[in-house]
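Before any questions on how it binds or moves, here is one chain, the form predicted on its own, in C-alpha cells.
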Amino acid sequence: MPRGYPERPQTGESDQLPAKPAVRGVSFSISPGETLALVGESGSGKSTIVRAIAGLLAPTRGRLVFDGQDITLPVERRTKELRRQIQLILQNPDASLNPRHRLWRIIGRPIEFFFRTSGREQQRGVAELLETVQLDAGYMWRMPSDLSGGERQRVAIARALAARPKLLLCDEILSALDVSVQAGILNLLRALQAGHGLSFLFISHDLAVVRSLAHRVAVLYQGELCEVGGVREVFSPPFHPYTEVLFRAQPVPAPGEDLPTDVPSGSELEGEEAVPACPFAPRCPRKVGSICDRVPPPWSTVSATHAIRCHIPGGELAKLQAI
C-alpha cells in the first residue's frame, strides 16, 4: 500500500531516509449501497487508504479493484468513466471549493466535464443538485465565502454527486462541523444512499457517528487492520483490545464514577523500537506476554461477518470485556 515519505534529514551522511510503509496488508470490500466506516486515531493510515483509492497516491504493493476493474493507477492514468464513478469529499470544503467561482460554476464543472452539458441544461442540473442537498436553487449565484461551514460541505457533496458516482470517499467530512450541523449532514447521507444506491467509505474518529451511519466497521491501527465486522458486532464484546481502548476513550458523563485508567498513547511510545509482530503490543491492556512481540497475531473468526486479529481467542476476550 502507499508509503509515507519523511522529511529530508538536516544532518548526517545520508541525504534521504528510507521510506516507511504507511499502510500494510490492508484488505476489505464494500458492497453496492453499503457504508463501511474506517476508524482509528490520527496517523493510523485512514486518509492514506482513501487517497490511494482516489488515485492520489500510488500503492507500492498489492492491487485495488473497483467493480471488477484494476484501479491500481494514479488518477491521471484512469479512464474518464472510472474517475466519474469514484468521488472524494474532503474534510475541509474550503480546500476544495474555488473561492473565486460562484456555486453554479463549482457544481456545474463536473456536469460539463463528464456529460458535456452546458448552458441552461447545466444550470437546471445545478439547481437539482442543490435541492438534493437541501439548499435553495438560488444558492447557485453565491460565492463560497457567503456560506456557513455546513452549507459549504453540502456544496462539496453536491459537486461530488454531479458526477453520478457509485462510490463516495468521505474523509472526516463531519469533523469541522458542530453537532447540530453534523446531524443534518448525516440525515442527508442516509437519504442519498437510499435514493441513489451509493456506497460510502466513511472515515471518522467519532464512534457515535459511525454507529449511527455505518453498516460495517474496519478498525485500523498504525497502518494495519485489527478488527472488521458489522457495526453491532464491533460495538459489542468481544472486540479487539485497541477497539476497547477507543471505546474507553469516549467521554461519557458518569457522575460519581472515576475515569478509566489511561493506557500509553502513541506519542509516549515514539522512542521505542518498532514492534515487528503486533503493533499494538506496547499499549495493549490485554497483552498476554512475549508472544505478542514475537509472533504476528492471527485473524480469529467470531462470526461469518466478524473477525479480530489477536492472540486472545474471541470467547476469552468477551469474558474479559464483560467485566
Partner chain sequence: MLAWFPEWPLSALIAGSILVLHGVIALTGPMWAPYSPTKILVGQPFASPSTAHLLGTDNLGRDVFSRVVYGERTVLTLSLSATGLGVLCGASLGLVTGYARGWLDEVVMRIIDIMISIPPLILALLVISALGSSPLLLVLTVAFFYVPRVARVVRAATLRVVMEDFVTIARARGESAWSIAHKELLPNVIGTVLVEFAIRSGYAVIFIGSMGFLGFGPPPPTPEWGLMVNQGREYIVTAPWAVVAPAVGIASLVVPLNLFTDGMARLLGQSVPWERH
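Residue numbers count along the first chain shown, from 1. In this text, all values refer to a predicted model and were calculated from it rather than measured experimentally.
One more form of this protein, predicted in complex with the partner chain, exists but is not displayed; see below.
S.K.: Counting any heavy atom within 4.5 Å as contact, can you tell me which stretch out of 220-228, 85-93, 122-130, 233-241 lines the partner chain in the model of the complex?
M.R.: Going by heavy atoms within 4.5 Å, the stretch is 85-93.
S.K.: Does the partner chain get within 4.5 angstroms of any non-hydrogen atom of L97 in the model of the complex?
M.R.: L97: contacts the partner chain in the model of the complex.
S.K.: Residue-level contact is defined here as any heavy atom of the residue lying within 4.5 Å of the partner chain in the model of the complex; does L56 satisfy this criterion?
M.R.: Contact check for L56: yes, within 4.5 Å of the partner chain in the model of the complex.
S.K.: Is there a heavy atom of R190 lying 4.5 Å or less from a heavy atom of the partner chain in the model of the complex?
M.R.: No, R190 sits far enough from the partner chain in the model of the complex that none of its heavy atoms falls within 4.5 Å.
S.K.: Does any part of R109 reach within 4.5 Å of the partner chain in the model of the complex? Heavy atoms only, please.
M.R.: It does: once the partner chain is placed as it appears in the model of the complex, R109 has a heavy atom within 4.5 Å of it.
S.K.: The partner chain is absent from this chain, but in the model of the complex, do F28, L64 and K166 each have a non-hydrogen atom within 4.5 Å of it?
M.R.: Looking in the model of the complex, the three residues F28, L64 and K166 all stay beyond 4.5 Å of the partner chain (heavy atoms).
S.K.: Can you name the residues of 221-237 that have a heavy atom within 4.5 Å of the partner chain in the model of the complex?
M.R.: Result: empty, none.
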